[in-house]
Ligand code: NAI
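One chain comes next, on its own, written out as structure tokens in the form predicted on its own.
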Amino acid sequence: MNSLWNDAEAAACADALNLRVYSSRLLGCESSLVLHGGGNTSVKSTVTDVFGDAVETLFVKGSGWDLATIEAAGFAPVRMDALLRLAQLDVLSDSDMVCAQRMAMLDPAAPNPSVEAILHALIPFRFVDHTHADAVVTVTNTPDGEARIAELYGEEVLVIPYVMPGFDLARAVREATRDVDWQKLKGMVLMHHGVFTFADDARESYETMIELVSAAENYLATHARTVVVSGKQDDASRIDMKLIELARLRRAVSDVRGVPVLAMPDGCAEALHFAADASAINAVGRGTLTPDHVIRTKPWPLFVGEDVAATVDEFSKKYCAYFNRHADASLTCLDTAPRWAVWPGNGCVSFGRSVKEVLIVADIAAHARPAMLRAEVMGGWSPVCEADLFAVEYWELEQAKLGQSGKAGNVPVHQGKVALVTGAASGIGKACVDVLLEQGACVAALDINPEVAEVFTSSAVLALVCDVTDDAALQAAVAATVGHFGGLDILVSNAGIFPASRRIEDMDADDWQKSLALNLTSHQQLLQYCAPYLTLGIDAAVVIVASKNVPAPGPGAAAYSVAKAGLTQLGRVAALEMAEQGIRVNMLHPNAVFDTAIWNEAILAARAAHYNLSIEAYKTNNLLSVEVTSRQVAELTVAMAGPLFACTTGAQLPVDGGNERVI
């Protein structure tokens, strides 16, 4: 590992706190040092309070902040004298510690101080860095890890046996360092947890961290084989054969968790190798890389067998037994669903309520896998015991972090669901994608326009360039959707064109066929390819965007009206056929939605002239005299896919401002 320190960048920092921000980000950008909020840093400084008194202050990373992106506001200023007095106590509960630290803060608007604040205060240096370095933790997670650390670092590094984070750890360090000369130490290793470095100079503390971690990396290179894998991403044909099983796996995990989840597979060469390695599969069941990860990943992954639903049920029962072994009467069991899976022949799969949650789990798993393999070579993967893992997973402070974002009422209605929208680059389709995202869904956005990839930048959108009249391309797009998010719950069948206005006797054969191909046949094929996955979806729903021209056709629009009428009839039949699988199919009939791709200036002018109206009058030519927008159609579309319409299928709803001919 190389130092990323830049003297010019460091010199630009206005004060110690900004220098602390700078060096913290250097640590945070190295994923092998800290993952997703892990680790913490601090700086000691003097602050003048409102009375003009100089107050010795610890600026320590605040709860909820990530070292990779932390700002000055992410450091909680806490009075040093209060922290040092707390350190002298023999007993202090976690909740009392948090309360006492909060009361000792100089800024009530700052985040809660790290649970390691007291420990940072005890270390008699200005700058303190703490990481969960993969290499160091890997060495500690071996049967003779403490001896290996001593061999690696000698007396320059103090070794602390594993202790629960928070006050207990601070007290253990206080006792272990009563007679220690801190000036002779380069750092401190917490078994199964991480490493501390410290100095009065920011660069020295940071580069000592790099030095210690590099030494551990070199040690692993010498004492453990490097995990070498070959091959590329899992081939498409094998993925295609497993897509139904992936969707079935997602459904089973969602059922156990009680909410829809994503199931995002990792079929890279390293994951495939790991899933095929018997020693790896044996090791991964023993625990996590660091205890901190258990809150994200559960104690172990799911091992997927031939019957995926049965293996999820077995995991749930195993987790219940784990809870019963360690819980007291004050605890309530968390959900019993896995957070990631090892799937021989397919790699690994991560589960989560959002793409962000899934990627965090996947990242943790990706760092844990090589660590486990290397530790196995050095005598066996030996993380903390199950009881210690349980203590962290059910630690009141950790549960509080997750509880704030999971309260009912804060959860969007489609959180964790997967939707597919056609004609998604503009108009009604784009509006549907936007509303689905706002309501928590992940979306595959299909459009023939190559700019669809530029329209959406969210990681929750899989933008696919697809001509829906191309059967092979459409089938591949559905497969890509399931292969990316793990399943399918909502289909918005929206893509369409409005051919040039022609009377029947003047009909152009190509216009007729193009309208039928896009406005009717492509929707039938899309339904056909999506049906097997919708059957395994959660509260699955199809919404077909038809047209006012179905109940009230106009002259000169035969190609469009006939295709849309056929599409509506297709939807009605689909509602009859798919009801037994619990899939709802409903249709919307928008009219005069002018912020869509099918309307251009020429078509708008021609239709307005046909009715002897101005363009503005034509836009509001309905009973309510309102202009219907794509957003309004999208909001009703997404509502029809949700619980408000849970008992509705086969319905046709107008979105037209009121049309006399329809009414």
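Numbers for residues come from their place in the sequence shown, where the first is 1. Just so we're clear, the structure is a prediction, and the values are computed from it rather than from any experiment.
As for the form predicted in complex with the named molecule, it is not shown, yet the points below apply to it.
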Q: Tell me, out of Gly347, Pro590, Pro260, Pro299, which residue has a non-hydrogen atom within 4.5 angstroms of the named molecule in the predicted bound form.
A: Pro590
**Q.** in the predicted bound form, the one of Gly487, Gly423, Pro113, Pro338 near the named molecule [non-hydrogen atom within 4.5 angstroms]
**A.** Gly423
Q.
So, His120 and the named molecule: in the predicted bound form, are they within 4.5 Å at any heavy atom pair?
A. no
Q) Is there any non-hydrogen atom of Asn494 lying within 4.5 Å of the named molecule in the predicted bound form? A) yes
Q. Contact between Leu397 and the named molecule in the predicted bound form at 4.5 Å, heavy atoms?
A. no
Q) Contact between Asn449 and the named molecule in the predicted bound form at 4.5 Å, heavy atoms? A) yes
Q | Options 143 to 151, 543 to 551, 179 to 187, 89 to 97; stretch whose heavy atom lies within 4.5 Å of the named molecule in the predicted bound form | A | 543 to 551
Q) Looking in the predicted bound form, is the named molecule within 4.5 Å of a heavy atom from each of Ile428, Thr596 and Trp599? A) yes
Q) Mind listing which residues of 115 to 143 have a heavy atom within 4.5 Å of the named molecule in the predicted bound form? A) none
